[in-house]
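Shown here is one chain on its own, the form predicted on its own, set out as structure tokens.
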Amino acid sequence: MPPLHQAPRGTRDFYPEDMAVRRHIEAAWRKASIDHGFDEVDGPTFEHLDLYTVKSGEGIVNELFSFRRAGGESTYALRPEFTPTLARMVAAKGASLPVPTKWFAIPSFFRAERPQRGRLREFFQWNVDVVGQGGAKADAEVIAVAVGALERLGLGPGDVQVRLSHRRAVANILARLGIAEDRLPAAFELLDRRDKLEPEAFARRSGELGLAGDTLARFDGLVRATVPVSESIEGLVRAAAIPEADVIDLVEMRSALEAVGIADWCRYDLGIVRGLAYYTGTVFEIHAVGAVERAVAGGGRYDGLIELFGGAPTPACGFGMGDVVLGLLLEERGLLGGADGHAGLLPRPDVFVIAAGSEAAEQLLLPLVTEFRRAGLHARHTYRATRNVGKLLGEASRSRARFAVILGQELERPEGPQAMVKDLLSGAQRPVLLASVVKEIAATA
């Protein structure tokens, strides 16, 4: 039995600085979603187990945390992803939803898998979906939301790349290579695992698909074909040695990405297929440039999935972006708090109130702090017994407060009691009438 003070393997405790990082990431996700016109939703932490097996088959059961209530007959599972919940919610509302329906969510998820760097058993994931609208414009809008959040977090096209493809385009190319339609799922799975396989294993599994010699070389070239979207589609045609007709779907995609101003973030990559069978069109992953981590985000078009949950035929596209890999990338790039480390992301007090020098000052402290807070300011105060002003100002600085208000120094003046206000950034200080100190700090906070 592990020590009781340890969290379960594959989970995290969020101490204040860790929570500040999480809220920082979530704030960028939420702001980008709202700015692009998406509404926030959520669903239950657990669902009926059948909700996941209807899409992925019984094999997924071993990947889930599933349970049955004592004395109950139904089997439930902690949610491993949001798409089935979203599909169920859309199917339940049907035609009453607006067209398109634009939703986002930032839930917690659970997967019963071996924890490793970038992959945990409990994590948070941002999900963005457009339901009810087909075509490249909707796909580009979804990708633009992801890029918008990454920009807010300080990342640029030199840090991350959107690698995109199209399932139908890849299927056309694979058919030209002689892969039968019933072998396409296996070929897609092999493409999806290309970066995880040694060259010998990749060649062996390609052979099992019936690829050898020149055909295998062309297949390998397809896997490695990647060019910037900002270049013409002819660049991809040359790199992959394929007819332009096979990738005509990507031509429209390029125009849509240019329209939303993110083409320079994107690359065509015909090796991106997304292994899940429910993807039907555009697929994409967002990868860190030069990093070996898993993808920061992934998604695509999944027309037809809503029907599996009892809804009408409905086009849909979306993506998921987890906090674990993204957090590692931001840490690596020095984008989580700057010189102060993660503490730099903690809420910064507007004012720190100190009582020093007299009993009268002590009696004024809590009423003044209360007055600051009622004025909408983030106010803190010392709990220490010492009246050493130097030590108390050190505590105020460590809290990263903007101002310190010192009570007990030159309180009594003919014009009324005063407090000393110190700007903790510049070091300048000046006396301020106690009656107006809240108003003055509120005007500069």
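Source: prediction; values computed, not measured. Position 1 is the first residue in the sequence shown; the rest follow in order.
If you look for the form predicted in complex with another copy of the chain, you will not find it shown, but the lines that follow are about it.
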- prompt: Taking heavy atoms and a 4.5 Å cut-off, does residue 45 contact another copy of the chain in the model of the complex?
  reply: yes
- prompt: Can any non-hydrogen atom of residue 347 be found within 4.5 angstroms of another copy of the chain in the model of the complex?
  reply: yes
4.5 angstroms heavy atom contact with another copy of the chain in the model of the complex for residue 367: yes
Residue 183, heavy atom within 4.5 angstroms of another copy of the chain in the model of the complex: no
- prompt: Heavy atom within 4.5 Å of another copy of the chain in the model of the complex: which of 194, 88, 205, 218?
  reply: 88
message: Looking at 81, 231, 303, 122 here, can you tell me which has any non-hydrogen atom within 4.5 angstroms of another copy of the chain in the model of the complex?
response: 122
- line: The stretch from 134-142, 174-182, 246-254, 321-329 that lies within 4.5 Å of another copy of the chain in the model of the complex, judged by heavy atoms, is 134-142
- prompt: Within 4.5 Å of another copy of the chain in the model of the complex, do 27, 167 and 278 each have at least one heavy atom?
  reply: no
field: Residues in 363-382 with any heavy atom within 4.5 Å of another copy of the chain in the model of the complex
entry: 366, 367, 370, 373, 374, 376, 377, 378, 379, 380, 381
